[in-house]
Structures are given as C-alpha cells and as structure tokens.
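So this first bit is one chain, no partners, the form predicted on its own, shown in structure tokens.
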C-alpha cells in the first residue's frame, strides 16, 4: 500500500469540519485536524480516526494569523510528508448577530479575518506547496475545497459581514480555479444549507419551524455527514472535468419557486 494522501482541514474539531475529518479518515487520508482553541475536541477526532486504523494529528492555529497559517502548512508537511488537499472550513458567524446599522468594525475585522482573509492566504500557501510537490512528482495533483454557505446569496441583515465573506468565497473559488488549472490543482466551493452544528444551535427553534413549513424541499436538518460526503466525492475524483464549481448541499433550498 502506498503513502496515504494528506489533507488539512481547518476548523476540523467540531461541526461540519469534524464530519469532514472523520469521512476523509475513513477514506484513508492522513488528516491534519486544525483547531483554534478546543484541543480536547480535536484530539477526540484524531482518536476516532486512529482507532479505525487511520492517520491523524491535531494542529493548533488561528487561520486569521499569518504565522499560524504558515505553521499549519509546515506541520502538515512535517507529519505526513505531503499535502494533497486543503479544506477551508474554519468560519465564525457575526458576533452578537447585530443589525447591519449597528455592526462594528471590530466584528467585521474578526469575521473577515477568519472566513475570507484566512482562507485566501492559506490557499495561497497550500497552492505553492502543492505546485512544488506536483513538479517533484511527489503528489499527482491537488485540490482546494472551500466550505461556503447559502449565506453567499441569501440576505441576513443581522449577519452582513458573514454573508459578504461567503459571497466573496465564491469568487475566490473561481479565481484560484482559473489560476491553478494548468498546475493540476482543482478548486471547488461546497455550499451547505442549514446544518445541525454549534453555529445553528442558538436558532434551532426558528429553523425547526421553517423546515416544517417546507422552506426547502427536503424537509429535514442537514448534517455534517451530508457535507462530508460531498467533500468525499470531490477528493475521490468523481468530478474529473470540473473546477471552480459550486456544489449545493442545502436540501434544495437554492431552487426558486412561485
């Protein structure tokens, strides 16, 4: 059996990121589980993967910080000797969910730092390493997967900064896809709908009602495993002639109707 392909998943200790890490571990990937604060949660994910015979390490780092981003890439390379896939999953919602007329610069800087700046510059670092590894014939190709949100195109006036970062992530996906296609690196945006996680827990009652009213055709909550399976399809090369695409995992919410 050859050397396992390696993936770095940001925000991998909880919610959607945790689901992605477990699924890719199941597929045989060596998984770098990034976390910002909850080492215990990240170690639990690592333990689940290694107990099943896989490889995983917990790597601390705040993607909003330059030095931390460099360390995430370096640690993944040190532990696994390669980097085949980057999953930009780390994200935070608007602090206090303030109305846009009350939104603060501090909140803006925090959300943009993690959700957009962090993802952009981590992708830049990862792409350069993937190009180097591909040219050295140490990996066959690379993939960057951006975990976006239906908030990329759905207005929430109490989460303006969050919505804007996710809208920009769609353009970021296309930009990297265009630039990296000749380098054998493909780039995708996966767009979850309402997923059961820590982020949506405070508004569970609201979404329970909207689901019952049929706001999206598949009348249930989404689960981290739903998003993880979409990531698995991408890394498994089920879309070999595609790049720059948005894959919706939203129960059909994106369908317009009269």
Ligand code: NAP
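Positions refer to the first chain, counted from 1. This one's a predicted model, so the numbers in the text were calculated from it and none came from an experiment.
Only in words, not in the display: the form predicted together with the ligand, which the text now covers.
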item: Of 114, 180, 172, 164, the one that lies within 4.5 Å of the ligand in the predicted complex (heavy atoms); value: 114
item: One residue of 228, 30, 58, 194 in contact with the ligand, assessed in the predicted complex (non-hydrogen atom, 4.5 angstroms); value: 194
item: 4.5 angstroms heavy atom contact with the ligand in the predicted complex for residue 160; value: no
item: Contact flag, residue 62 vs the ligand in the predicted complex, heavy atom cut 4.5 Å; value: yes
item: Close approach of residue 16 to the ligand in the predicted complex, 4.5 Å, heavy atom; value: yes
item: Contact flag, residue 11 vs the ligand in the predicted complex, heavy atom cut 4.5 Å; value: yes
item: Which of 148-156, 73-81, 99-107, 125-133 lines the interface with the ligand in the predicted complex (heavy atom within 4.5 Å); value: 148-156
item: Any residue of 21-53 that, in the predicted complex, places a heavy atom within 4.5 Å of the ligand; value: 34, 35, 36, 37, 38
